[in-house]
Structure formats: C-alpha cells, structure tokens
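Shown here is one chain on its own, the form predicted alone, set out as structure tokens.
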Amino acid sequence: MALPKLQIALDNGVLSEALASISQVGDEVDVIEAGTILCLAEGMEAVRCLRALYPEKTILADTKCADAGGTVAKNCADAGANWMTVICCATIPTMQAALKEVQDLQVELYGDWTFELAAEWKQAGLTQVVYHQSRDALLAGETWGEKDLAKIRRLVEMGFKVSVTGGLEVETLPLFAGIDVFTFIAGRGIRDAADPRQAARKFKAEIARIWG
C-alpha cells in the first residue's frame, strides 16, 4: 500500500490570499489545488501563478467541469495544470475529451452517482475519483462514517485511485487506516491553522505513521 499524498486545496476567493497561503505550505505538500472558488474568481491566472512558483509540483485545477471538456482541459493544461477535475454527472465523451488534454483527470463524486456509472468511467479510461464530504453536508452536521468508508473501499477494489476530502483534520486520518487512499485533500485544516506549515507537517507525519 503506497503512502497517501497530501494535497492542499486553495479555495481562497482572492488570488493574493491564495498565494499567501501556499507560500507557507507549498514545500510541504505533494499536490497544489487551485480550488473551484479560486478558479471561478481568478480564472487560469491562479494556475499560472502556482506553476510559476512551484515548477516541480503537481498542480490541479478543480474546475468541476460539466461540459466542453476538451476546451476547458486545454485551457488548464496551457496554464500549467497537470490534473483537472470533472463533475460525475458529465458525459463520458466530455470526460474522454478532457482526458486527452491533461496528464490525468479526477471525477468528483457528488450527488446520486452510482457504482454502475463508476464502472463506465473505468472502462472509458478514467483512473482517479474524489470522494467528498461536501462543505454544505459538513455544515449540516454530517460526519465521516462507515457508509463512506465502505464506498471508498469498493472504489479502491474497482481499481480507482481514490482521493478523499471534506473537513479533514489530523485526527480524522486514523478512520481510513487499512484503506489504500491515493490522496488526502485538506483545505481549511491547513490554511486556517495558527501555523499552516506545522499543520501540513502534522498531516504528513500522521500519514507516515499509519501507512508507512
């Protein structure tokens, strides 16, 4: 079982704030995400800035693309993104068109997705999915539980690289022990910490303790 990666989600609404955040933790994480909010507010300039600052890091554009996959993905790739996200309700042709333009594509699992659909994504060449506890669900009081872990295990068994996100804290990580998680995606748990660099290091240390 490989050591899970750590991804920082920059869901800042202003580019200057995102750059201030990443300047504190960029060297500590494996994947740097230009979050959906940031992409909508600042466009591909956010990706271009992150690529300029971190030429060796994996940069993800969290576009949650639903249509025009090839065009959106080419824009992301031209700006310097390695990976891009598509929403799970996008059509297979949209996903395939996007996958031709970026190094890899992640399917964001929201709403009423099914394992039957997931099998179709796998057959179409998709290898990454992101399992969410959405921000809105967390605000409504939902928490990680066995029903989530069972779905994640099944996706891993299907052959997907599964990333997980949604209110993750260092204390959350032991819930996933024994599961071949590809990437843990943390946003506010790192960005809003009193010492973001130390928070990222604590995430990495706990990942190493559990999966090392």
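Residue indices: 1-based, along the sequence shown. In this text, all values refer to a predicted model and were calculated from it rather than measured experimentally.
One more form of this protein, predicted in complex with another copy of the chain, exists but is not displayed; see below.
J.: Of these, I59, M44, I152, L168, which has a heavy atom no more than 4.5 Å from another copy of the chain in the model of the complex?
T.: It is M44 that has a heavy atom within 4.5 Å of the partner.
J.: So in the model of the complex, does any heavy atom of K161 sit within 4.5 Å of another copy of the chain?
T.: Answer no; every heavy atom of K161 is more than 4.5 Å from another copy of the chain in the model of the complex.
J.: At 4.5 Å between heavy atoms, is A118 in contact with another copy of the chain in the model of the complex?
T.: No, no contact at 4.5 Å.
J.: T127 versus another copy of the chain, in the model of the complex: is there a non-hydrogen atom within 4.5 Å?
T.: So T127 does not count as contacting another copy of the chain.
J.: Any chance C39 has a heavy atom within 4.5 Å of another copy of the chain in the model of the complex?
T.: Yes - in the model of the complex, heavy atoms of C39 and another copy of the chain come within 4.5 Å of each other.
J.: Heavy atoms within 4.5 Å of another copy of the chain in the model of the complex: which stretch among 168-176, 63-71, 143-151, 50-58?
T.: Of the options, only 63-71 has residues within 4.5 Å of the partner.
J.: Note that another copy of the chain is not shown here; using its position in the model of the complex, name the residues of 105-129 with a heavy atom within 4.5 Å of it, in sequence order.
T.: Contacts from 105-129: Y110, G111, D112, L117.
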